[in-house]
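Consider the single chain below, provided in structure tokens and representing the form predicted on its own.
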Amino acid sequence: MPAATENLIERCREIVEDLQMGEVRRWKEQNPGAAAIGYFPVYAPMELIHASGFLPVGLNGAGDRLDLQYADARFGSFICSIVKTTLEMGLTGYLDPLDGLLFSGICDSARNLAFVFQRNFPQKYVDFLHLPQNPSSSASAGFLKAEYLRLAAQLEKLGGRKLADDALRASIAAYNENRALLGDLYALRASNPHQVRTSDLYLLQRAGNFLPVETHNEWLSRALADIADRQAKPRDSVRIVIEGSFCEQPPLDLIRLVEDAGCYVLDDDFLLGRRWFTEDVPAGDDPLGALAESYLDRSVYSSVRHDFRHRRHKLLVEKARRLGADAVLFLIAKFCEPAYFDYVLFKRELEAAQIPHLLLEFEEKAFTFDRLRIEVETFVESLLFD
């Protein structure tokens, strides 16, 4: 890989691991009076935040870089790491660069986190976005557009300026480009996994949580051009799809472990909200309505989005077959109820399709993976030498 791309990926790693949010602070210094709005995964209408003149900032916890001192007192014991470390970041000042926080109904823990933040940070703008749970209902599009209008009004109050349709169209176009570039990188990895390390792709993608979308698009364009020309020798590896990491993210060392243990990752659901739409959002006469309709009709499948028109356990099997995957690896965060509820359905469908799978559980704060390494290596060997 060209040195310039290696340096870019290293810069992305520094941004991702910077709990002080140096990039966000720099952006605010360069844009006096503008706000930064943090959003909790999985999905948030980043276009609305961006069109309001604000910086959308993706929150994915603190990993193993922050010890819990205060957050445990606000939650019960059986709560996922990302909820606790995100709250710990707030209670210890790491979220100070953010002027507001946006949550949605991912699960009960995330729903409650929104109101815990409201209680503990009354000086910040904290909002909860209600997303429709029945996309087949004729009322869902109107409901979601009304919810987006409510959110826009709150952002207008915070920023002191009216949200213009032209600004929203420009934001939709910028994020359409962002999703297209990520889609190209994912497609390149699926067809030539020896050219694209998943750990590198992950860093390139996650750095966008802290950058203006225009800057992120430039970085992705440069990386895509260099990686497409990369010369790499294929390995004798198992081709897998990763499922279950849509919210809390596995530690970077765990992603690298999976690759080093003999796996080519053809697809994953890391940072799924950055690739939420399967097609471009049309920015026509009603851009807000187009965003609402896209959420209902152009979204990827996910364990936190119920769409009875498209059964996600069948879509996983279809994806694995389409990509020519040898197996599916479930990387599920400890105490993640949506992922574990869906695992039962996924497991049954995969077994019926005779597609092997392995379930691994992780914690965001984990720093040793010896047991997981043995499990992955054993699984790989069983597939290679069966």
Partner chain sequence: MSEAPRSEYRGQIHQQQKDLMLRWYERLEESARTGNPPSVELMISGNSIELLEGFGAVPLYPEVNALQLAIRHLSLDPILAAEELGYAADNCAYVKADIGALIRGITPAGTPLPKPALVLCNFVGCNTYVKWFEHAAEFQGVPLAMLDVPFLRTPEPRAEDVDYVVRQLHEIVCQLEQITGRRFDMDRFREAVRCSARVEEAWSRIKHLARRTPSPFDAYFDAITLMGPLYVYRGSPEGVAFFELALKEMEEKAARGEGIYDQEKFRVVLEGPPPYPFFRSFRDMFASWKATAVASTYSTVGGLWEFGFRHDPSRPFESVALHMLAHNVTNRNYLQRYEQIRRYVEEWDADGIVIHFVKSCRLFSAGQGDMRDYFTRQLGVPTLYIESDLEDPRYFSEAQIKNRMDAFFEALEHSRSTGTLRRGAAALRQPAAGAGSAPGAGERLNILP
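Residue numbers count along the first chain shown, from 1. Not measured: the values here are computed from a predicted model.
FYI, the form predicted together with the partner chain isn't displayed, but the following is about it.
**Q** Sort through 312, 189, 239, 169 and report the residue having a heavy atom within 4.5 Å of the partner chain in the predicted bound form.
**A** Only one listed residue qualifies here, and that residue is 312.
**Q** Go through 256, 306, 222, 194 and name the one with a heavy atom inside 4.5 Å of the partner chain in the predicted bound form.
**A** Of the candidates 256, 306, 222, 194, 306 is the one lying within 4.5 Å of the partner chain in the predicted bound form.
**Q** Counting only non-hydrogen atoms and a 4.5 Å threshold, tell me whether 78, 133 and 342 all contact the partner chain in the predicted bound form.
**A** Judged in the predicted bound form, 78, 133 and 342 all sit within 4.5 Å of the partner chain.
**Q** With the partner left out of view, is residue 112 within 4.5 angstroms of the partner chain in the predicted bound form by any non-hydrogen atom?
**A** It does: once the partner chain is placed as it appears in the predicted bound form, residue 112 has a heavy atom within 4.5 Å of it.
**Q** In the predicted bound form, is there a heavy atom of the partner chain that lies within 4.5 Å of any heavy atom of residue 347, even though the partner is absent here?
**A** Contact check for residue 347: yes, within 4.5 Å of the partner chain in the predicted bound form.
**Q** When the contact criterion is heavy atoms within 4.5 Å, does residue 231 count as touching the partner chain in the predicted bound form?
**A** It does not: once the partner chain is placed as it appears in the predicted bound form, residue 231 has no heavy atom within 4.5 Å of it.
**Q** If you check in the predicted bound form, is residue 150 within 4.5 Å of the partner chain, heavy atoms only?
**A** Yes, residue 150 lies within 4.5 Å of the partner chain in the predicted bound form.
**Q** Would you point out which of 278-286, 159-167, 181-189, 104-112 contains residues with a non-hydrogen atom within 4.5 Å of the partner chain in the predicted bound form?
**A** Careful reading of the contacts points to 104-112.
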